[in-house]
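Coming up is one lone chain in structure tokens, specifically the form predicted alone.
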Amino acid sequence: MEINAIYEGDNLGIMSKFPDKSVDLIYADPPFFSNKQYEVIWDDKAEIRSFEDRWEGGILHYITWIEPRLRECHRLLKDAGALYLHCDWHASHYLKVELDKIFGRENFRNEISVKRIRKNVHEREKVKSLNTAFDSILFYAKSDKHFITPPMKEEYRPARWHAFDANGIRTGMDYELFGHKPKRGNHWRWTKERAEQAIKEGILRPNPSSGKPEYLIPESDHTIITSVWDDIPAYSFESGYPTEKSPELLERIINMSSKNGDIVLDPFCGCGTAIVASQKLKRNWVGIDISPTACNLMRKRMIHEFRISPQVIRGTVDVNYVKKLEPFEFQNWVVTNKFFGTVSKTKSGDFGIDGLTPQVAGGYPIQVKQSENVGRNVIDNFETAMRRMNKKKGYVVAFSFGRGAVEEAARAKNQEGLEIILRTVNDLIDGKIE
């Protein structure tokens, strides 16, 4: 298991190769058993194929699909580790029964309720049920050795005051804060300067709903948070995807159930919020997702937010997995996820060029062949395309190469100065590019 790495592929096969008791905390956010079309987020072939596998046959098939993955999570956790499984009302009761079997009922800690997005209803006469206000997070410990550090919940109360000068004498004019003037009656003796300083210090703030001023009560009066998390949102839309979880949610879980240097695993990583929060909080992390598109987005997020090398994506799929990919998906796997390049936008007339390496790496052409025993003719055609592009270097990727292809690549280099690098799928899986 590589830490601080993004793994691409089916998490069941990937996790099965990780060692026992190697992870401190798991946050699992599997696709919900809800609306089918809503669950296809990335719209690439790997995700759609996995989606069809887990949906065919209804809820019992869904549970059959997820059960071995939950067993792998249990195996990977250290004795002092914990699992947080994010779900909703469609399957939470089924999942809890499975987790009771796997972790033991005695290791169930909480069903945490976290606030969803509020929806407006315009046709009240057609409503058959109340809006679902919360998702569920099923919190299980591996054993009694797991302890949490629950945060204190900050509490605010309405602030009522009049404006006073430095001598404590009322100025005769109410001081307006956040667009609101205080009502008559009980009040706090704030000078204008003190109120403005309190705003900077976070002691005074506008109420999130009404905008009226309120003040933070002393820390000694704060209370430990309960299992109802209505003070932070469950979702965020920073990356533009409908099921992206909020940084506040992941940071709370990670702070509560891990410490610096621990390993956090997210086996359904999606947009990568869990690994971003882990990196921010100085934890080690491992992210897994079956979607090449999702893995590429995660890589870009880590580069943008932390300037981490794009080599965080590891070759974690075997040849049999790659052989099942659709042609365009195979091309995307090679060009985008292994070379970190750009896929050719033209479907024909591209002279056999399927993509380019990044400009910083020379912008060299890449040709992809999803076949065995690629012959001399493929290399001949690739040479022609390289000359048209005025490039002296390029890559051809296939499952295997025949003797003629190897000999022609050697001839082109020795006689014409064209460096054609032949790489097999196994080379890419092993990280061998150059």
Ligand SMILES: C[S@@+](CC[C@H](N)C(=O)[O-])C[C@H]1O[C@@H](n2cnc3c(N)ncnc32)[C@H](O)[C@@H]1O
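Because the structure is a prediction, the values reported are computed rather than measured. The first residue of the sequence shown is number 1, and the count goes up from there.
Keep in mind the form predicted together with the named molecule is missing from the figure; the text below concerns it.
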Exercise for the section: Could you tell me if all three of 6, 22 and 285 have a heavy atom no more than 4.5 Å from the named molecule in the model of the complex? Expected result: no
Practice task
Give a yes/no on whether residue 245 approaches the named molecule to within 4.5 Å in the model of the complex, heavy atoms considered.
Solution key: yes
Handout entry: Heavy atom of residue 31 within 4.5 Å of the named molecule in the model of the complex
Key = yes
Handout entry: 4.5 angstroms heavy atom contact with the named molecule in the model of the complex for residue 65
Key = yes
Exercise for the section: Verify the contact flag for residue 27: yes if a non-hydrogen atom of it lies within 4.5 Å of a non-hydrogen atom of the named molecule in the model of the complex, no if not. Expected result: yes
Completion exercise
With a 4.5 Å heavy atom cut-off to the named molecule in the model of the complex, the contacting stretch among 77 to 85, 271 to 279, 253 to 261, 141 to 149 is 271 to 279
Problem - the named molecule in the model of the complex - contacting residues of 1 to 20, heavy atom within 4.5 Å - result: 9, 10, 11
